[in-house]
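Taking the form predicted alone, here's one chain by itself in C-alpha cells.
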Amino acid sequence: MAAYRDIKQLYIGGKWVQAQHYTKLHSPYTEEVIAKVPAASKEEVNQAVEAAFKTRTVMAKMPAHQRAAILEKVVSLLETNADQAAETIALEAAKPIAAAKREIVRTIQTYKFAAEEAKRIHGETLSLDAAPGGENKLAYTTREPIGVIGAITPFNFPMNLVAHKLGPAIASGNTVVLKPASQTPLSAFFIGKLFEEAGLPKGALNIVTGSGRDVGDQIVTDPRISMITFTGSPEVGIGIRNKAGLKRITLELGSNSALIIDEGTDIEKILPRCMMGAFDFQGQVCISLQRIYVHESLYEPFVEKFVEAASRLKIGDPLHPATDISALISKKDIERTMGWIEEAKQAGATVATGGFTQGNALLPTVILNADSKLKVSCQEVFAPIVLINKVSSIKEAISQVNDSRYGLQAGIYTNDLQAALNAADELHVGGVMINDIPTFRVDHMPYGGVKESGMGREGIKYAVEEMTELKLVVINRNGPK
C-alpha cells in the first residue's frame, strides 16, 4: 500500500497544483492514513471554475470525432490499468475487490457508451406548414453544449458514477469542475490522469477536493457554471436545488428500494440475485435491495433460505478476493445503523441474523416484521440490512412499496403477466424491473427517480440531453423581403 501514501494535488487548468491546505484520508477498514488530500480554498475553486469557463469554447468547437477519440483513449487506458483502478476503490472505499473489479468493467462500458453517443448528438427537422403562416418555411433543431458543468459525486461508485457525469459532459462538448466525495478522491485523481494522457484539452476537466459545505456550495452558486449534476442524499440535493438558481440540475438522490415476490416464484432460482441486491458493497448502493415483500405462501421458506445464505457471507479485508462484506464507509454510519437496528428491536421487529459489528463492518442483517414507520424501513439504510415482510396479495405489496418518500426503482418476481403489467403501471418509481431485483442497472438505460429520489435522468444518451441546450433554426424559403 506504500504507493498510496502520498500527497495528492488539485487538477486545475490542465496542471497538477499543490494546494494550500490538506486533510488526511483514512482507510475505512484499517483506519490507517492512506493519503493526504487537498482541501481546496475558495481561490483554488475559483481558479478551477475560471479554467473550465475559459475552455468551454474550445470544447464546444471540437469535432465530435475528436471528443469520441479522447473517450475511446480513456477506455483503452482504463482497460490497461484496470487492476490498479480496482485496488484504488477497494482501498479508499473498503469495497470488496471483486465488487471493485465489476465496477471497473462497468466504468469502461460507460465511457464506451459516451464515445458512441458523442457521434450521434443531433436534432430534427420540422415542416412548419402544419400551422397557418408556416407555409414554405423549414425548421431544424440542434443541440449545443450547455457550458460548464459542476459535477458532485458520491463515495459508493467512485469510478462509475464519476464516469456517468464526465462521459456525457465530454461527449457533448462541455467542460467540467468535478468535486468527488471526500472519502473517495483517489479514484477521481486516477481518472483525471487518464483524461490528461488521453489528450483532453487543458481546462476541460478540473478536479477540486474538499467539503461539500465549502467546495460544493461554491460550485453550486458560481454564475459561470451552467449545470449541476449531483448524486447523494435528498437533504443535500434539496439544498442544491434551493441554491442553484436558474442552473440546469440533475439530482440522483436516495432510495429504499423494494422487491415483491409473488406466489409461485422459484425462490431457489431468485435467491442469489436477492443476496447480491441486498448485500453487494455492504448495501451502500442507491438501488440496494432494502425491503422485500413476500407472498404468505412463500414467506417462511424464503426467509429460511435467505437467512442461511446471509449468514454464510465472508467478512474481512476488502483487498482479499474471498471477502463479501467489509467496513462501512465511516464509524458514524456504524453508529447510525446500530441505532436503527436497536430501534427496530425495541418496536418488536425480529433480527433473524446479524445485527452486530466486527471491527468496522456490520454483519449482514435480516430484520423481520418491521413496521413501515421505523427508520430501517422508511429511510435509506445504506448498509447491509434488509427487511422481509409477509403480504397476502400483490395489491397489498404495491401499496407497501409506494408507502415511501422515495421512488427510484422497484422489482417484482411473478409468473402472472397481468400482475407484472399492473405492477409496472401502479408502482410509483422511476424504473420497474419485472422478474429481477431493483438493483439492476446497465449503464446506457435511463436511470433516475421520482419523489425524493431526484429529478432528471442519467444513462449516457439521456444525460447528454440534460447537458445540452436545444436551439431552433427557421429558414424562410420565400427568401428575404
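The shown structure was predicted, so the numbers you read here are calculated from the model rather than taken from an experiment. The first residue of the shown sequence is 1; numbering continues from there.
Form predicted together with a small molecule: not shown, discussed below.
You can rule out all but one of 71-79, 272-280, 150-158, 111-119: in the predicted complex, only 150-158 has residues with a heavy atom within 4.5 Å of the small molecule. Among residues of the shown chain, Lys373 is not one whose heavy atoms approach the small molecule to within 4.5 Å in the predicted complex. The closest heavy atom approach of Thr107 to the small molecule in the predicted complex falls outside 4.5 Å.
With a 4.5 Å cutoff on heavy atoms, Asp217 counts as touching the small molecule in the predicted complex. When the small molecule is considered in the predicted complex, Thr231 lines it closely, a heavy atom lying within 4.5 Å.
Proximity to the small molecule in the predicted complex, taken as a non-hydrogen atom within 4.5 angstroms, holds for one residue of Glu380, Glu103, Asp262, Glu92, which is Glu380. For the options Ile225, Ile191, Ala181, Leu362, the residue carrying a heavy atom within 4.5 angstroms of the small molecule in the predicted complex is Ala181. In the predicted complex, every residue of the candidate spot (Val236, Ser255 and Tyr447) has a heavy atom lying within 4.5 Å of the small molecule.
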